[in-house]
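Shown below, as structure tokens, is a lone chain in the form predicted on its own; questions about how it binds or moves come after it.
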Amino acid sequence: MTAAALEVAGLRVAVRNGSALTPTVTDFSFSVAPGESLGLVGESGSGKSLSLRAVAGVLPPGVAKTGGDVVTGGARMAMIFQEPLTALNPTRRVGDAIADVVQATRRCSRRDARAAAVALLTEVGMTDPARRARMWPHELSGGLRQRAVIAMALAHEPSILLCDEPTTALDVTVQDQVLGLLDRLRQERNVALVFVTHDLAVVATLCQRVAVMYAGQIVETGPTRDVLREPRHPYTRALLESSRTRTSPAGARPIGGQPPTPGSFPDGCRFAPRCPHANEVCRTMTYDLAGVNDQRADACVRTLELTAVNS
């Protein structure tokens, strides 16, 4: 078995409210191997981005990691954020910003760092890279800015690449180009890729495995193809039914109710108040993520019963 490039165990994140801490992410665990891609999906507010930021150690002010382990074996991590314009320094030309990272990572001369920056812009598919390296971030389109941010991340020579919805603000054509670029880089550089998104179509395109998150917890995980074809947790099933697809755009069914807010998580299964299959056991019994087989796991106490009904 290939050793994990990144292993996260029991990660917990909380928001500070004066002297109090309100839990937002609880017992968040996953692993990803070199060259593997893992998608992290769920509704807005489920804790996906906070979890990824906690893994990278870049939580915003007022939010703290309160427990858990992040093991990389000394491998470098880099993160790509949702809005590239905020990730690029507006006072630095694109090539200089990338060269700064190259120079800090490789301890090379400024001249070599600038040449490496142009080479990285070439690698991420930017046309006329030498000219664009001299441009300011605001002079580039959204797609080109995202390519520049990816080049900056690669300048760190990472073995692990964390992506926080990096294609959300892009149009469909550019999104497909960026996804293709990330997949190519994953394969060519043998990088472990973790991709946060709310778009199940993106996960189906890019990710080999998927983890479904709800109210600060992972509720189902497994090979992407298996989870999307035969979801086991009711939330995963509801999430799929609420997603519009190219084949059935009118068939989407929104999930009833609202997800719980941090600090007011219900007893038992956190999805129970919105789940049409919930019973008294679901509302009172806490059921942690448990293995279904060697590759799949979910956190529903009624998995076997509901799977038999839906098969």
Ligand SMILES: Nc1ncnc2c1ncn2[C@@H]1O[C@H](COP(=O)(O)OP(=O)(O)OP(=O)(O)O)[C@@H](O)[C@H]1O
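Just so we're clear, the structure is a prediction, and the values are computed from it rather than from any experiment. From 1 onward, residues are counted along the sequence shown.
Quick note: we don't show the form predicted together with the ligand, though the next part is all about it.
> Going by heavy atoms within 4.5 Å, which of 281-289, 66-74, 36-44, 267-275 lines up against the ligand in the model of the complex?
Only one stretch passes the 4.5 Å heavy-atom test: 36-44.
> Taking heavy atoms and a 4.5 Å cut-off, does His198 contact the ligand in the model of the complex?
Contact check for His198: yes, within 4.5 Å of the ligand in the model of the complex.
> Against the ligand in the model of the complex, would Leu50 count as a contact residue? Criterion: heavy atoms within 4.5 Å.
Yes, Leu50 sits close enough to the ligand in the model of the complex that at least one of its heavy atoms falls within 4.5 Å.
> Examine Val15 and determine whether its closest non-hydrogen atom to the ligand in the model of the complex is within 4.5 angstroms.
The answer is yes: Val15 has a heavy atom within 4.5 Å of the ligand.
> Is Gln82 close enough to touch the ligand in the model of the complex, meaning at least one heavy atom pair within 4.5 Å?
Yes.
> Please state whether every one of the three residues Gly10, Ser29 and Gly222 places a non-hydrogen atom within 4.5 angstroms of the ligand in the model of the complex.
No: no residue has a heavy atom within 4.5 Å of the partner.
> So the ligand isn't shown here. In the model of the complex, which residue out of Gly257, Pro254, Pro60, Gly57 has a non-hydrogen atom within 4.5 Å of it?
It is Pro60.
> Give, in sequence order, every residue of 173-191 that has a heavy atom within 4.5 Å of the ligand in the model of the complex, or say none if there are no such residues.
Sequence-ordered list is empty.
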